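Take a look at this single chain, the form predicted on its own, given in structure tokens.
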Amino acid sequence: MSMKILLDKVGVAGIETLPVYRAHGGYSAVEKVLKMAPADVVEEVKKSGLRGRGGAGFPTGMKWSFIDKKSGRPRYLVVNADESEPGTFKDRYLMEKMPHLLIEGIVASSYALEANLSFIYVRGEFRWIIAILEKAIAEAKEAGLVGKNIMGSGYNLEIVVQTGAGAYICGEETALIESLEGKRGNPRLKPPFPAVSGLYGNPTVVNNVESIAAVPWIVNNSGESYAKIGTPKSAGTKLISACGNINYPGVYEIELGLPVEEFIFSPSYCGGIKDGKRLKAVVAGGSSVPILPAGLILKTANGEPRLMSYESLSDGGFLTGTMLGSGGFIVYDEDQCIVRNTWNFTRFYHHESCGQCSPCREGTGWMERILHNIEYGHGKLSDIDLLWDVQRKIEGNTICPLGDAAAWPVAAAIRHFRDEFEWHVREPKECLVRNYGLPEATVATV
């Protein structure tokens, strides 16, 4: 089993309460950072190699170092808890099971950024999570771990939980900031970036829940120790929310660099494909990343074992690789329909498009309609090329990454499963009563 630093205490009775959390070493990172210079905390996180766990994978310490310190304006830390990517549910689990780990991370991170007001922007559907977080904050404040003069240090920090309205687009950091300001959640043009002009025009850092929850361990054990976990370019551990046709769905904390094959088939993780069926495909990092067929998710195009890391999953680019993304790991067995799955993802992106950019607003609707026709036996072969053309005109032509997120799954599905799309067109009646299945040439060897 991999080393655990985020979920190691999950299962301890009462760990969601302050007394139990403190009895197991909780808030020791706060005690430590309050004796350090803020800049030294930033340097420690930079040394750790921690990369943002929300999907983009940008180095967290470097992001912190960009925050404007010269203007003298108030700085803010905003924790992005608007977890809405289909297939991703690890932040929800972390907040539900270890709320004080997140609060401890926020205090340590806010101190490093010299912020005195921080926000947790929570997905609106997480009503019970909001109550858990507010209770944890109240406990911490009662104990002098949040609020004025924390632990007698003179440092002040207030934490506010803000509920979102259930829009996927508000997971994009500038749309989140707009929503936090009480406006419609439309992404902003960049630059300026939030580190210079974010919330209320002030310097702001937006980090994912899992990224912030990793900070206490880094503070307590050093950035260098964290950097030794995983691989040189993918340091630390990562929460993976695994679902689909597997024996053991759930949230797993893995050491980055774990072979994908071990993650899928080991009884310590997913436990193999359910009902003894064969592996067909995997979406490795949430619905927005390219789907890969069995052969390419287990091994790279060069025949090397594919690893659960940023660099290995992206090996081959989008032609033969994918992305670690948010860690939403969706497994498909031989009976699943790639056309229907792609249509379903596209329905989601069409519904969630904010409508600000024409390529996304119009293109996602076109893709949904074309995919619906193919799935239900009304498609033409030329529709496949039309679908390719539409996704190509969305990618890279929108203000925010939602356009790319909508285009990439369609492109990858056509690239790797074109035969299945053509079969739907050539067999319009049969595709209504059975799925294409798994060509023998693509059967996984495991």
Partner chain sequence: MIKVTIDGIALEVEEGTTIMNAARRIGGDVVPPAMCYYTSLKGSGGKCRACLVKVAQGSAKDPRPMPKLVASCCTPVQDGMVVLNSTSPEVLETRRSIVEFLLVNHPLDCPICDQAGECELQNFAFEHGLQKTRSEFHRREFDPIDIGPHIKLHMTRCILCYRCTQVADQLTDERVHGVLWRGEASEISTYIQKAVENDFSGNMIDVCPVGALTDRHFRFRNRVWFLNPMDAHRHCTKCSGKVVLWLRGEEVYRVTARKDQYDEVKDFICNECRWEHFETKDWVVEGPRTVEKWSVITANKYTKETVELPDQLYSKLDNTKWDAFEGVT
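Positions refer to the first chain, counted from 1. Keep in mind it's a predicted model, so treat the numbers as computed, not measured.
In what follows, reference is made to the form predicted in complex with its partner chain, a form of this protein that is not presented.
For this session: Classify Gly230 as contacting or not contacting its partner chain in the predicted bound form by the rule of any non-hydrogen atom within 4.5 angstroms, answering yes or no.
Result: Gly230 lies outside the contact set for its partner chain.
For this session: Answer with yes or no whether Asp419 is in contact with its partner chain in the predicted bound form, where contact means some heavy atom within 4.5 Å.
Result: Outside the cut-off, so no.
Exercise. Taking heavy atoms only, is His350 within 4.5 angstroms of its partner chain in the predicted bound form?
Worked result: Residue-level check for His350: yes, a contact with its partner chain.
Exercise. Looking in the predicted bound form, any heavy atom of Asn397 within 4.5 Å of its partner chain?
Worked result: Flag for Asn397 set to yes.
For this session: Decide yes or no: are Lys9, Pro19 and Gly25 jointly within 4.5 Å of its partner chain in the predicted bound form, with each residue judged by its heavy atoms?
Result: Negative, none of the three is within 4.5 Å.
Exercise. Among 44 to 52, 30 to 38, 387 to 395, 409 to 417, which stretch has residues whose heavy atoms lie within 4.5 Å of its partner chain in the predicted bound form?
Worked result: It is 387 to 395 that comes within 4.5 Å of the partner.
Problem set entry | The single option of Ser234, Gln162, Asn245, Asn186 touching its partner chain in the predicted bound form, heavy atom within 4.5 Å | Residue within 4.5 Å of the partner: Asn186.
Problem set entry | in the predicted bound form, the residue from Trp366, Phe89, Tyr121, Phe265 that sits within 4.5 Å of its partner chain by heavy atoms | Of Trp366, Phe89, Tyr121, Phe265, the residue with a heavy atom within 4.5 Å of its partner chain in the predicted bound form is Trp366.
For this session: Heavy atoms within 4.5 Å of its partner chain in the predicted bound form is the criterion; list the residues of 346 to 375 that meet it.
Result: Those in contact are His350, His351, Glu352, Ser353, Cys354, Gly355, Gln356, Cys357, Ser358, Pro359, Arg361, Glu362, Gly363, Gly365, Trp366, Arg369, Ile370, Asn373.
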